[in-house]
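One chain comes next, on its own, written as structure tokens: the form predicted on its own.
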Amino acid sequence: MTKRKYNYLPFLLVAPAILMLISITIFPLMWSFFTSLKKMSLLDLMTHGGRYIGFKNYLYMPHDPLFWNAIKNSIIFVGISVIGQVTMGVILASFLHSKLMRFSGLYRAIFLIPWIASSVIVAYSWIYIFDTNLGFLPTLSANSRILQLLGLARRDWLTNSSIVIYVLSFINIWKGTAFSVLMESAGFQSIPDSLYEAAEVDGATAFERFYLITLPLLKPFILINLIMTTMITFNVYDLILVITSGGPAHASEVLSLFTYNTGFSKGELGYASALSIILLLINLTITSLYLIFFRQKEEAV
């Protein structure tokens, strides 16, 4: 019998990628899950301690009012941010792709500035705009009848619990729209101009061309944009941490920031790890719902 020769070259080529996947994705996820089954503090982390308590951290969540408050704030923050960013991304990308638009490359570079800027810099920039005592907008609106009529009268933008989450959503839309513009611009560039020319010859209006040609062909890009924007927004905490720290009275504390504060401010690493697992499951669930919705739409067509 002849010995079978095995070719180990393909395995050796993918081995570094597998090791990297395990080290930066699978191992931290498993570590977080096992940590969520413990009652662990920052001191326990340094001394490799912690007491095993099973699923008590997960069972405590439904009875934690701050958890439900963070869920409510996350729904508002993510919902407004995602709708605003994706909608603005499609609109701005359509303008940039228009033949009447000149210097579109320059405008794309300008739109990228908020996205590539550090969240800390963006946060302090908006603090200087909305701050009640030193902010540009409250100072300007105090002497401007037009701004007062537009509903921008002097008020506590960042310390008013009833509006602060909406102000933060607006700031996040300003920062994150550039990503949507890039995604949708790639979609517009993939659509052949011949389709628009043929529709124009057939007498289709600009709205009909957009609704019947652009939107159907943009669906894959819109889907990816929705998934990425939702996951990114659900994990935003640094912007809110710098601007409000989750205040006032937890009015702007989203789930990601609540997880951060629980782990590093309160030192409850076990509970924070459980919250991070729940946050991951929420992201996976929303992604699955997006995929199911778009698949049903395609099958219906």
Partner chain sequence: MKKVWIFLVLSIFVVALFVQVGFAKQSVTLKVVSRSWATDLMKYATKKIQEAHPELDIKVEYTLYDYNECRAQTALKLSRREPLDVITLDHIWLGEFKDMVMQIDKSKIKDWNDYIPSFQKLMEKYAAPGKVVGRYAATDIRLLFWNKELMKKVGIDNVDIKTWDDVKKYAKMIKEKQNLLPEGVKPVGFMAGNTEHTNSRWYDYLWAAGGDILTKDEKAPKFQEEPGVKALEFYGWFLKNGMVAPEDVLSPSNGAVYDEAFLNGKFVISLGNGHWLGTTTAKNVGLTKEQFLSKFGAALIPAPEGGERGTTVAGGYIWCISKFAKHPDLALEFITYITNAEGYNVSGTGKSGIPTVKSALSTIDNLPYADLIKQAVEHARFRPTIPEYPKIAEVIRDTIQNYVMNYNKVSAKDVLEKGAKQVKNILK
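Owing to the predicted nature of the structure, the values given are computational and were not obtained by experimental measurement. Numbering follows the first chain given and starts at 1.
Below, we refer to the form predicted in complex with the partner chain, which is not included among the displayed structures.
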*With the partner chain left out of view, which of 194, 118, 189, 133 would have a heavy atom within 4.5 Å of it in the predicted bound form?*
133
*Have a look at 128, 211, 166, 107 for me and say which one sits with a heavy atom within 4.5 Å of the partner chain in the predicted bound form.*
128
*Okay, which stretch from 221-229, 157-165, 203-211, 91-99 lines the partner chain in the predicted bound form, with non-hydrogen atoms inside 4.5 Å?*
157-165
*May I ask you to check whether residue 45 falls inside a 4.5 Å heavy atom distance of the partner chain in the predicted bound form?*
yes
*Any chance residue 266 has a heavy atom within 4.5 Å of the partner chain in the predicted bound form?*
yes
_Residue contact check: residue 244 to the partner chain in the predicted bound form, 4.5 Å heavy atom_ = yes
*Give a yes/no on whether residue 28 approaches the partner chain to within 4.5 Å in the predicted bound form, heavy atoms considered.*
no
